Ligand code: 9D3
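Encoded as C-alpha cells, the following chain is the form predicted on its own, with no partner shown.
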Amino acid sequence: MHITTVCLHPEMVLDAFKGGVCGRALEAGVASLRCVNPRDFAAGPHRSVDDRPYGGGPGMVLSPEPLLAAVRAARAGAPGGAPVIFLTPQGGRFTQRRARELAAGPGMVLVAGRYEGIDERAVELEADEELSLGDFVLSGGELAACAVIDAVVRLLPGALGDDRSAEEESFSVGLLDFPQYTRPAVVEDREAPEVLLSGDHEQVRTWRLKQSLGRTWARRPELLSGRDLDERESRLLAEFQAEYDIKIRDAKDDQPH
C-alpha cells in the first residue's frame, strides 16, 4: 500500500511512525509513507500558503493554488485507484468498516487542513471523499491523518504479529471488545474471571462474545441498533442484561442509607 499525506507539517506525520506496530510495518515494506508539503509549491520569497478569508472573520484560510498543486503532485505519484481524501469536519465519519475498505485498496492520499479551513474550491476540484474523525476540533489535520494511517496499516497482512489480533478488536465485528486480563490472577482482591483460567476454549469464546455484546449494549447501544442478533447472541445478551441488573441492584444495596 502506498500512502501520501499532503500537509504543512510533514514531521508530525513521519515522526509518529518511527516506532510501534505501524512503524515496523513501514520498515518491513508492508506499506510506504511519504508527505507532500504545499509550501513547496507556493510562490514568493515567503512561500505563503494562507490568506485572509473572503467576507471577513478571524484566522486565515489555506490558499487553493499551492494546495491544489500539492494534491495533484500527490495524486500523480499514487497508484491508480487510490482515493484523494480530504480530512474535514464536514466529512463522513471514519469507521472501522471504512478502514477495512481502504486497507483492501492500493493506497490513499490524505489531505490535512490547517488554519480556519481549506478554500472550498480545492475540495470541489480534487476531493474524492471527505472524512471526519468525530465532532471535535484539532489544530490541524496531521493528527487526523495519523489516526487514519494507523487504523488502515495495522489491518494490512503482515502488519501485526498475529493477523487474528485485528479480527478480534473493538469494532472489527461491530461490537466493543471484551475485557482483557493477564497475570497475576488476583490484583488487590480482584480476581480474573475463572472461565479464562479454565483452559476450555469453547467456554472462553462464549464468555468473550457475551461480554462484547453486553459491553456494547451498556456503553454503545447504537452499535446494536442495526445488528440482527442470532439466537445464540440474543440468549447471551439476555444473560448479560440479567447479570447486569443484579449487579446494579447489589451496588445500590451496598450504599449507606
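Heads up: residue numbers just count along the shown sequence, starting at 1. Predicted model, so just to flag it, every value in this text is computed and none were measured.
The form predicted in complex with this ligand is left out here; the points below concern that form.
**Student:** Which one, 89, 105, 179, 77, lies within 4.5 Å of this ligand in the predicted bound form by heavy atoms?
**Tutor:** The residue in contact is 89.
**Student:** State the residue from 138, 125, 173, 185 whose non-hydrogen atoms include one within 4.5 Å of this ligand in the predicted bound form.
**Tutor:** Result of the distance check: 138.
**Student:** Just checking whether residue 159 would be counted as a contact of this ligand in the predicted bound form - the rule being heavy atoms within 4.5 angstroms.
**Tutor:** The answer is no: residue 159 has no heavy atom within 4.5 Å of this ligand.
**Student:** Hey, in the predicted bound form, is residue 101 touching this ligand, heavy atoms inside 4.5 Å?
**Tutor:** Looking in the predicted bound form, residue contacts with this ligand do not include residue 101, since no heavy atom lies within 4.5 Å.
**Student:** According to a 4.5 angstroms non-hydrogen atom cut-off, is residue 144 in contact with this ligand in the predicted bound form?
**Tutor:** Result yes; residue 144 sits at the interface with this ligand in the predicted bound form.
**Student:** Determine whether any heavy atom of residue 134 comes within 4.5 Å of a heavy atom of this ligand in the predicted bound form, and answer yes or no.
**Tutor:** Flag for residue 134 set to yes.
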